[in-house]
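Have a look below at one chain only, the form predicted alone, in structure tokens format.
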């Protein structure tokens, strides 16, 4: 389990994170979505202990990254957006070198390296230099390294960037596999549709602040076709009428949005008017997942 607890971080005059809190439970894949430069990578770098927070803490299976970093790091695997390695090393040799930090002997590391590199699709590249690897191969190599100690928690930082369709499918399937195994996975992206098919929940961040946390079902529900109606009044009778035709939700004192409408707009309006209810404006609302995301961003900007 990963717990981000009231984390703040500033770089000179720029506030990168402002009191960020959320959690990733076991057997759960959580999407971390925000525009580029909004704090996703900073959050993840703090969570894995390579960047200290100004305030707050991160707990990995109950271990504080600040107070017990060595212990906490044993329970987490990290795949960065842009893995940086010594490019002159051959893949298996460099894996063995990195595995030494986990106390593995050369023989143990070579055996594990062959196994894990094969699992991530690099079984034919054991003796290739990392300089010859594509960006997707480097990310697969980083994944193999992150699995050395078989951690129960994983952080994927924009891992889908620059990958071909096969690479994207690989990381998505892997996240789902980790969830089935009871692991906690945080999967960051600046594109909501990238995480749609794999995440249980999505945490939205903008300008270093959390602006929403929703399940994928809630997001699809809010993005589904709906009818927005501006009425002369909204009372119990109006709500009961609209409930026959869908799922009404009051937006403010005189506007209601009818989600999952089950009849034509004309039928709904006809009954409202026949009951003496004034209808000032009606419009169809249809949002894609990305439009839903940007509506959250707009609301956050207007609320600043």
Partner chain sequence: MILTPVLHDFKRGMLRLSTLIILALFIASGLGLTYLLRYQFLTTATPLNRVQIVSIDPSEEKLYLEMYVFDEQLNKVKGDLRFTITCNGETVVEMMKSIDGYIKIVDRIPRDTSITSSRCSALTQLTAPMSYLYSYTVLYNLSVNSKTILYSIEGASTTSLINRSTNSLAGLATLKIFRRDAELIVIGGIYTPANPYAEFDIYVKNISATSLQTLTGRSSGSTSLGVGSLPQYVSISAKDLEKLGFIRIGRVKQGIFNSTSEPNIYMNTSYLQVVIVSSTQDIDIYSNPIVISVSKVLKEVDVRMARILNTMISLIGTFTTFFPIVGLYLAYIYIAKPRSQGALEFLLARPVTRFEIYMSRALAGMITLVVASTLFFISTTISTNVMLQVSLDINSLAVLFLGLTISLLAFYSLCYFLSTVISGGKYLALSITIYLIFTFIWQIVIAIISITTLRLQQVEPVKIVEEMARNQYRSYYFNPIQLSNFYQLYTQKKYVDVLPSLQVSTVKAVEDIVNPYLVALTSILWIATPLVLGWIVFRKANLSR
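Numbering follows the first chain given and starts at 1. Model, not experiment: these values are computed from the prediction.
What comes next is about the form predicted in complex with the partner chain, which is not displayed.
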Does residue 106 reach the partner chain in the model of the complex, with heavy atoms at most 4.5 Å apart? yes
Should residue 50 be counted as a contact of the partner chain in the model of the complex, where contact means heavy atoms within 4.5 Å? yes
Under a 4.5 Å heavy atom criterion, is residue 187 part of the interface with the partner chain in the model of the complex? no
4.5 Å heavy atom contact, residue 96 and the partner chain in the model of the complex: yes
Looking at 64-72, 247-255, 270-278, 231-239, which stretch has residues with any non-hydrogen atom within 4.5 Å of the partner chain in the model of the complex? 64-72
The one residue among 133, 214, 171, 85 placing a heavy atom within 4.5 Å of the partner chain in the model of the complex is 85
